[in-house]
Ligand SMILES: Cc1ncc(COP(=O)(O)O)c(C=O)c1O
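Here's a solo chain for you in structure tokens, the form predicted on its own.
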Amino acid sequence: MFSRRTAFERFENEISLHLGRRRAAGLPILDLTESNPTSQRGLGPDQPFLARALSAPGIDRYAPDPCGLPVTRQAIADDMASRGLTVSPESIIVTASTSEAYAYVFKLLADPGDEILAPCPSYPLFEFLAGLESLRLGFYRLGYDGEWFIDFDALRKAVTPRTRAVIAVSPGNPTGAYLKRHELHRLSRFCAERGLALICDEVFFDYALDADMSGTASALEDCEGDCLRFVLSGLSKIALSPQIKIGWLAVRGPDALTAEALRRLEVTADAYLSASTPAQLAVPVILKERLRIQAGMKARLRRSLDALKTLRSSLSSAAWEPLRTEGGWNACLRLPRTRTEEEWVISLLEDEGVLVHPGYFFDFPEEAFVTVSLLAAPDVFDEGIRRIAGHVAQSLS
């Protein structure tokens, strides 16, 4: 009776079972997996500001535009221009979320059974989004040699006759690695030569944590090869407002392909009309305050990353290390291979009351990694990292 695309595995793994028992017992948890900015005091826009933004003139009228209200698309284009990116409002499609933007692009590019390539490691949501469109998700490797990089040999081998697009995330989640300009040009040429589209997720782009980011690039810039590109973002991350439910995608590339893509996307968007009028009218108000809204989050992220580095450098020797994080909201830690990731996560939870994500949650190809959220409250983050360091040392003594 039901479709195969919704036959998701629904079971609790060992980590979930341990976490559930701990919560049921009322035991304290230092949560280093927190990703919701609205759960953290002092982060994101306050209620009075959002109330004003959501009461803009015109919320009492319904005059839908499939691609998004003109005032909303213009505000997004203006915000991109403030970053030095020239994007026409007509090349922007407003959606109810970045996930919906992915769904629109997947529908546009691929038929059931076709394939989309995603980086590995990366966020697990891609598998669900692809599956809901009856697509196969393939992977290409990201290498690490002190910093993350695209393994183009692995990418080349991953392409099949049914591959339709390549996803890049800049900065990555959880790797925190930005797409470098030379990688962007090479990736654009790679896709153009094979008739593939490039889907670039830039939701965390504003949260640079490295001192020198001059070599990074947005996929909205002019690219060698000039493949068809879709660049995704939204209010959830850049304005810390996931509850407003507004995302968007911008289309760049050869004129003929861009025009046809936009025509088809308009028909798709017209079938849903999912972005609400009040939320769209709030976009110009919110984006004008983007830098102010982001200031507290940027300070929190940098402070957490500095605390992580300081603790690690204070130890004369340690069997764990943080991998380089250039941006975003997470950090990756390499732990000893004396235990599996699941064993590490469960022992940290049971013995130290610290919750982290295992690397396999993000499809790390090897053991043993965990990820921690940099937006956790400072006292929670500091104590959690201190306990991780002590736990690792004790386990090896």
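Computed from a predicted structure; not experimentally measured. We number the residues from 1 along the sequence you see.
There is also a form predicted together with the ligand; it is not shown, and the following applies to it.
Screening 91-99, 135-143, 305-313, 70-78 for residues having heavy atoms within 4.5 Å of the ligand in the model of the complex returns a single hit, 91-99. Of the listed positions (N173, T325, S188, Q280), a single one reaches within 4.5 angstroms of the ligand by any non-hydrogen atom in the model of the complex, namely N173.
Only one of I293, A261, V169, A275 comes within 4.5 Å of the ligand in the model of the complex through a heavy atom, and that residue is V169. Remark: W148 does not count among the residues lining the ligand in the model of the complex, judged by a heavy atom distance of 4.5 Å or less. The closest heavy atom approach of T163 to the ligand in the model of the complex falls outside 4.5 Å.
Mapping the unseen interface onto this chain, S236 counts among the residues with a heavy atom inside 4.5 Å of the ligand in the model of the complex. With a 4.5 Å cutoff on heavy atoms, Y207 does not count as touching the ligand in the model of the complex; it lies far away. Although the ligand is not shown here, in the model of the complex the stretch 187-204 places heavy atoms of D201, V203, F204 within 4.5 Å of it, in sequence order.
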